[in-house]
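Listed next as structure tokens is one chain, alone, in the form predicted alone.
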């Protein structure tokens, strides 16, 4: 194991949070999301349709899980949120000469719907850091954050794995064949 990887591995398993939502789950944001995504499922916008489907009230599309607790436009978190980050390791990589960053993939799994009025928060941890890899973009490390989302009753709503490749680009004109 390289010295760099050994240093990065020290960050794995570090837990951060809670990171709170700015607002409770609400009908206007759900409506805007559904309009933007072209999602016409009536359980998201019609109370009667939601009740007929077995819900007490309108529910949010599961894919909105992260939307409630994202950073504000100014880069601020909601009041009371942790100021740390599971991706603090990215700054270490930046300082070590890996300036490139690209989002690789995002996997979500859902446990239950969020309902109007729910307050969302999440906890995050750095789940893994790969060995140094070389790709067509450059040489670097795949870093995976696992976020677990909860409602105000501390019930798990869902989980999200977000993977980033932090890398040193190939010199101008060079590309890896991999």
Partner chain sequence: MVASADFDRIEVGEQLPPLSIDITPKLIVGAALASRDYQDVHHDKAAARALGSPDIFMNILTTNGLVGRYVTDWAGSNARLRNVDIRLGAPNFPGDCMTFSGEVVAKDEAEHLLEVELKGSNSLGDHVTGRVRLTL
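Positions refer to the first chain, counted from 1. Everything numeric here is computed off the predicted structure, so don't read it as measured data.
Another form, the form predicted together with its partner chain, is not on view; read the next lines as being about it.
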| property | result |
| --- | --- |
| Interface membership of residue 88, its partner chain in the predicted bound form, 4.5 Å heavy atom rule | no |
| Its partner chain contact at residue 22 in the predicted bound form, heavy atom, 4.5 Å | yes |
| Residue 57 within 4.5 Å of its partner chain in the predicted bound form, heavy atoms | no |
| In the predicted bound form, residue 83 touching its partner chain (heavy atom, 4.5 Å) | no |
| Heavy atom distance at most 4.5 Å to its partner chain in the predicted bound form, all of 53, 109 and 113 | yes |
| Heavy atom within 4.5 Å of its partner chain in the predicted bound form - the one residue of 123, 137, 27, 70 that qualifies | 70 |
| Heavy atom within 4.5 Å of its partner chain in the predicted bound form - qualifying residues of 81-107 | 103, 104, 105, 106, 107 |
